[in-house]
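One chain comes next, on its own, written out as structure tokens in the form predicted on its own.
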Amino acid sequence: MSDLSTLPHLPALRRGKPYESLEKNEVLDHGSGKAVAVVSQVNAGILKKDLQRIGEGRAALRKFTVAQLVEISAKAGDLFLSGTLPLGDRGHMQSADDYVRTLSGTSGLPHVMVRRNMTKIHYALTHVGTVLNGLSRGLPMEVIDRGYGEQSGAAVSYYPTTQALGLVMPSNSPAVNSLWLPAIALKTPVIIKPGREEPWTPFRLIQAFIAAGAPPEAFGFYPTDHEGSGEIMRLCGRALIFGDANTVAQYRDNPKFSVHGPGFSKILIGDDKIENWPEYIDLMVSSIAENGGRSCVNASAVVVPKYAREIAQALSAKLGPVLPLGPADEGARLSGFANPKMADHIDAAIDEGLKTPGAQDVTALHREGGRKMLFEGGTYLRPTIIQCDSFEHPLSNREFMCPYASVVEVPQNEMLGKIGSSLVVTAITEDPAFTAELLDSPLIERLNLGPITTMKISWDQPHEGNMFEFLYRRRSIERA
């Protein structure tokens, strides 16, 4: 049994200062079940007390210009990617390789996927200036420094919508932390409730920011329970919410919250390109399976006017044989589950859906054994491609935290009426009329016209929400 006193301890960070709580949670290796660190837990009362003083964090950031904070963000990006940074308050230090191994061990993500996520975070941090330029449509950032200025010859003024950005983070993928990074350059403190199995990325990012010169007061790191999460959402003027469809539904119409739920991202092939479908199989495979299928921008449905059976077979031939590999294997394509009960739930949900006539697990024809399997102590779900006879089938528009997609045959003129809300749609077509319909659709957050993977993102064209418009609002201004 591990001596917990020798393990790294991640304290809460109250205005950047470490705080050790009597109550602690252990973070476990997903394969061995051994504790690798302990994390202090804080209650809702501490959050209430600390958030009464959050103005101190904003005041500390206001001492910097946006340009200076952009430079600090870039330095933080380099430190996050390759630096050795404090890991808790017991003298432990964490190199980049240590971070990769630790996060892989507790989350189930193989090393190659962790490093890929690190690269995305690094890019976001080292291009914050470009990101802000895109999000603000070219607003001179001196306007944020002074509160007013000019844009395109007109007087403009912007004011902050909140004293702090609240974040109740998930554990599914490190790169999700990229969403809050521009907040620091926009002089907005962050109050972070980390995911239970993934405290590593937000803690390392905070340490990188502080080492790069950001004021510690701008960062709150609060491992807490459901009640504490509720206080973050209630007391922060703006908050990012992550969760399943039921969780985010209650917040979706409230402008105080930016909701990030299932993406239901899709690939559509038009009548004019469907005869060339074999050319797009690799793009579909990448869209479905990259990052272990854990991203909201992973394609969870392929919608075609014909050849659904053939496409499902071709996808299954490539994905069905995929097996778990060791975490350090560069060819690893599947992620283990930190919580095996989640894998059980997903596996059972797919099997339950298959009881409804009109769907077939085509990957079952291309794999030996079941969908769920144990490997080196970890629980994995292998890729699943379901061919559905119609979009009304319960498995046609589902999203799971693994490589999963339905393939559904729908006439082109009915596609937009069937697919529902979609975070990303890759539409492979050059039909002007169909393209016009896609551009008019209010249900598509990000539209890729042509053979572009759904996984491709542009930081200056957000696929879900605009952080600048979320944190700042324009006011009318006249000056004598």
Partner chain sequence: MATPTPEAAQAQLDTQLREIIQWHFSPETGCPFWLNWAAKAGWDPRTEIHTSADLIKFPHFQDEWLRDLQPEVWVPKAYAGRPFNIFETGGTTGMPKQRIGWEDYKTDYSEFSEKISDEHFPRNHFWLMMGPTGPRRLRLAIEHLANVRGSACYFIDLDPRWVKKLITNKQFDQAKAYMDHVVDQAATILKHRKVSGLFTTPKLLEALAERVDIWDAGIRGVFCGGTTMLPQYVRFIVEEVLENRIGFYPTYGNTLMGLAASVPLTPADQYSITYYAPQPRAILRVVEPENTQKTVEYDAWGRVELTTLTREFFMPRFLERDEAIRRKPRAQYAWDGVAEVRPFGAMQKTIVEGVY
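Note that the structure is predicted; figures quoted are calculated from it, not measured. Positions refer to the first chain, counted from 1.
Although not depicted, the form predicted in complex with its partner chain is the subject of the following passage.
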Exercise. Which one, E376, E227, E392, E330, lies within 4.5 Å of its partner chain in the model of the complex by heavy atoms?
Worked result: E227
Seminar exercise, completed: With the partner omitted here, the residue among G33, G45, G420, P432 that in the model of the complex has a heavy atom within 4.5 Å of its partner chain is G45
Problem set entry | Contact flag, R14 vs its partner chain in the model of the complex, heavy atom cut 4.5 Å | yes
Exercise. Heavy atom to heavy atom, is T65 within 4.5 Å of its partner chain in the model of the complex?
Worked result: no
Exercise. Should S441 be counted as a contact of its partner chain in the model of the complex, where contact means heavy atoms within 4.5 Å?
Worked result: no
Problem set entry | its partner chain contact in the model of the complex: N466, any heavy atom under 4.5 Å | no
Problem set entry | Option from 432 to 440, 35 to 43, 55 to 63, 449 to 457 whose residues, in the model of the complex, bring a heavy atom within 4.5 Å of its partner chain | 35 to 43
Exercise. Even though the chain is shown alone, can you say which residues of 17 to 43 have a heavy atom within 4.5 Å of its partner chain in the model of the complex?
Worked result: Y19, E20, S21, L22, E23, Q41, N43
